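Single chain ahead, by itself, as structure tokens, in the form predicted on its own.
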Amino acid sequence: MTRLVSKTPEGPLADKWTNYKSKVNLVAPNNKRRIDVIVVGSGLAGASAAATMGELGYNVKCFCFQDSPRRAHSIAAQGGINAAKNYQNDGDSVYRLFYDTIKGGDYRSRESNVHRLAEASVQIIDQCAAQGVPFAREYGGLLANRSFGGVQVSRTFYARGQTGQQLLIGAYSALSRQIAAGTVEMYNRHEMLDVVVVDGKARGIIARNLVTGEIERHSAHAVVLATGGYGNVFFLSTNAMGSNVTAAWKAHKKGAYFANPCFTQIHPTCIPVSGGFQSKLTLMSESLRNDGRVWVPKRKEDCGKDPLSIKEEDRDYYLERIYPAFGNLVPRDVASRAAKYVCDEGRGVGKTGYAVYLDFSSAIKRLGEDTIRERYGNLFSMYERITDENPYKVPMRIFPAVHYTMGGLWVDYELSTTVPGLYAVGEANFSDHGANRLGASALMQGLADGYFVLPYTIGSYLSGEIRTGEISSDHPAFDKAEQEVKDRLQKLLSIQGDRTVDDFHMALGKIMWDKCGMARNAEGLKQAISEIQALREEFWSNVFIPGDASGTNVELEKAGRVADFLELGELMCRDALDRNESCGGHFREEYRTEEGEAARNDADYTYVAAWEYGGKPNEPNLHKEELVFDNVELKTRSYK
């Protein structure tokens, strides 16, 4: 077992990043023109990284499987982006943002990375405002803030319920400028199907043109993965249906360690499942919990009644009751488990009994409907279009759903994976959120990595590549990787079984949700591993994929992604089984306090679990990065 080295700089926490930037090796402007970099993904992390590196003078190729970078899943983020600006003068600071993030992640993240993130947050807002991102503003013109779960200050900047979309347009405009300048070459409708490693270094990718079906080779001095998370392993999630793990998983199989795969975030504020033919779930922004109050009936017999007929004294505002200090703004993992508890007691509402109310009547009475409409109008409209219920008049019905994944490729302080020359940014890496992500921190991390961190840290590696010269795609490693990709596609097409790709995906999702979802236990995880292995074996003998590989074939695309999910799912269950504690979004039913909260085991599990691919999905090797806390005290997380 390898003890992983994070490359965290020496010195006081607040000085680490400044000192690193002052001493890091640089690539001179005239030499950047001789360096090629591939960026896979064009969401906030990928677009910002590609744009910034293009502007610095590198030759950048950027790939996305969507028809435009503007269709990246970052567009779906609603509620906001955190930054320690302290515009509200309510006591916020870089250190408080750092501390809230460490605590929110249940003390399972690296101090140095989280503090750097808090530092960069201040620059992000200035950058985006300069790009024209239409953040909400106070009457006097200053940028407005609202609060999110797990904090007691207002530090979340927002653009109504469209923050991700507006930030992505800003990053896309920066990217488009570099495309026009010729420093970035954009490859839309291309999917990375393997990473090419030459003499131990990442030197390019194999990609499929999703329009023509052509398999392409692309070489570079370094490869950056900005490909998002893997929540769609559960089939039903708030992710776009195309979101997948394929790029990260191919990197894992080429030597990149996969860290904390079992750390999955369950978002408490989603429109509940409505039936067996549903293809995805819809998020209702956490920002709604600023003004909405969560409740269920106190008595089971009231659950089927019209919510407006249930008197105030017969309602259980359970988050306010259990967690008075934070109320409805407890972190996502805490709010999600609380919703599950009351529904398991038989006090859930809706057709399935697995939903709770999010009620805005008090806020409308206090502030007026116009104010609520101004803050959340587009979210309310979206909810009404989907449910045919008016949330201004009737409480919303919500229930937890898979949203974000804190696990991902292991990276060191420089955002480098265990494969030299291969970097992972944004949700594709594991680095900043620990066992639970606080709301409005995903956009913060994506833009911090892309605009302000990677452009420095990758230079340290590329400074040693100046004399390398152009990377040829004629190397035997490219031949081998390309042939393996073609063989895999043909193998999938040749099976011609009688079960669809979606059928397998739904079956996997049910196993994962039931046995590795909001709650896990040893017996269920062992069953899940066995069931996933059997499902994977059947997939490779009985899946049906129509058409061929010579052109557009959406079913073939999905099949490759589901095949990777079927391997990742097993690793997630093994990771959850190996971690005999409860922390953040990883809730092992055997390890809970007397009050039902997560019970950490700091003596044995204060580490990052980084898994190495062992040649087969059932033979991973565990490596550990010990987490050291010099600046915060490890203690039981409490929001009461």
Partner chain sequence: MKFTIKVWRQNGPKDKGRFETYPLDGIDDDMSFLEMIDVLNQNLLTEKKDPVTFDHDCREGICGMCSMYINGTPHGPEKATTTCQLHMRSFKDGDTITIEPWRAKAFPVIKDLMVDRSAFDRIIQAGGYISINTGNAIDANAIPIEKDLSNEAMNAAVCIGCGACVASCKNSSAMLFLSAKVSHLNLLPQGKAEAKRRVNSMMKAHDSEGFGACTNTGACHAVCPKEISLTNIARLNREYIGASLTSEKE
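Numbering follows the first chain given and starts at 1. Just so it is clear, the structure is predicted and the values come from calculations on it, not from any experiment.
What comes next is about the form predicted in complex with its partner chain, which is not displayed.
None of 465 to 473, 131 to 139, 481 to 489, 91 to 99 except one has non-hydrogen atoms within 4.5 angstroms of its partner chain in the model of the complex; the exception is 131 to 139.
Residue contact with its partner chain in the model of the complex: residue 451 places a heavy atom within 4.5 Å of it. Under a 4.5 angstroms non-hydrogen atom cutoff, its partner chain in the model of the complex has residue 87 among its neighbouring residues. Although the partner is absent from this view, residue 544 contacts its partner chain in the model of the complex, with a non-hydrogen atom inside 4.5 angstroms. Proximity of residue 523 to its partner chain in the model of the complex falls outside the 4.5 Å heavy atom cutoff.
In terms of contact with its partner chain in the model of the complex, the residue from 322, 363, 303, 76 that brings a heavy atom within 4.5 Å is 76. When its partner chain is considered in the model of the complex, only one residue from 107, 257, 172, 295 comes within 4.5 Å through any heavy atom, namely 172. Contact with its partner chain in the model of the complex, defined as a heavy atom within 4.5 Å, is made by none of 58, 198 and 571. Heavy atoms closer than or equal to 4.5 Å to its partner chain in the model of the complex belong, across 177 to 197, to the residues 177, 179, 180, 188, 189, ordered by sequence position.
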